[in-house]
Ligand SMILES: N[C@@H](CCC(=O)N[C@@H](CS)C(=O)NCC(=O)O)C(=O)O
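Just the one chain here, laid out as structure tokens, in the form predicted alone.
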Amino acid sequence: MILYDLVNRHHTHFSPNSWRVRMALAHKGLSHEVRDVRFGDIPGLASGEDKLTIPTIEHAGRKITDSWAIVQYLDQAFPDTPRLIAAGAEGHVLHFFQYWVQTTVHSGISHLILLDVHNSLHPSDHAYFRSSREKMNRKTLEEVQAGREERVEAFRKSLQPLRMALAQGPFVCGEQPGYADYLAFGGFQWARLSSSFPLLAQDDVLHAWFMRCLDLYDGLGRKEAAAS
């Protein structure tokens, strides 16, 4: 199995959606090879009319793109490993949680570190990243990130549902980590690897949860150096 993953100029794998898949692969105990790509390499991964994004995995002669589709495939292709997405209503709720992570966690983080992310990239990716993200936000990267010291508290308050979930155990999924944890973890790992800006207060239960997630699977998350 091959996982195609983004790297920045420090050769750090920083993609939040890829980290969901990395943790999912570790959860299932599946060995894989990681192939590093930059934003400019992504179009070359596809053949014909296929449109691929990161993360993409290659397995058994086919490529699967999009983190949700990848995890569904892993559950189907490896039924004897721990399941990540439950069938039926529980799986639908998990999909809803992914949407919440994307719109609250990822979006909130993006507005605090977007210029830092740009600066951490390889110079060959700068023009694409700036153009695409400024079009998306209708602001310059500098304007998006400006005033973050005054805005970070509002972001922290928006994470209250995660704190409430952690009242039930050390992980979002309870006593043991699950895919909901990996969904949320990806965003904070993205920030840790791309920016030195402190997103979470040291005494926040979310900070302690994130440290636990970094320690999972023989410290998989800690093997990538934090931004300085």
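Fair warning: this is a prediction, and the values are worked out from it, not measured in the lab. Throughout, we count residues from 1 along the sequence that is shown.
As for the form predicted together with this ligand, it is not shown, yet the points below apply to it.
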Checklist entry - Thinking of this ligand in the predicted complex, which stretch from 162-170, 26-34, 59-67, 197-205 has heavy atoms inside 4.5 Å of it? => result 59-67
Checklist entry - Would residue 180 sit within 4.5 Å of this ligand in the predicted complex, counting heavy atoms only? => result no
Checklist entry - With the partner left out of view, is residue 176 within 4.5 angstroms of this ligand in the predicted complex by any non-hydrogen atom? => result no
Item to check | Contact test in the predicted complex: residue 133 vs this ligand, heavy atoms, 4.5 Å | outcome: yes
Checklist entry - Looking in the predicted complex, any heavy atom of residue 96 within 4.5 Å of this ligand? => result no
Checklist entry - Within 4.5 Å of this ligand in the predicted complex, do we find a heavy atom from each of 187, 210 and 213? => result no
Checklist entry - Which residues in 5-21 have a heavy atom within 4.5 Å of this ligand in the predicted complex? => result 6, 15, 16, 17, 20
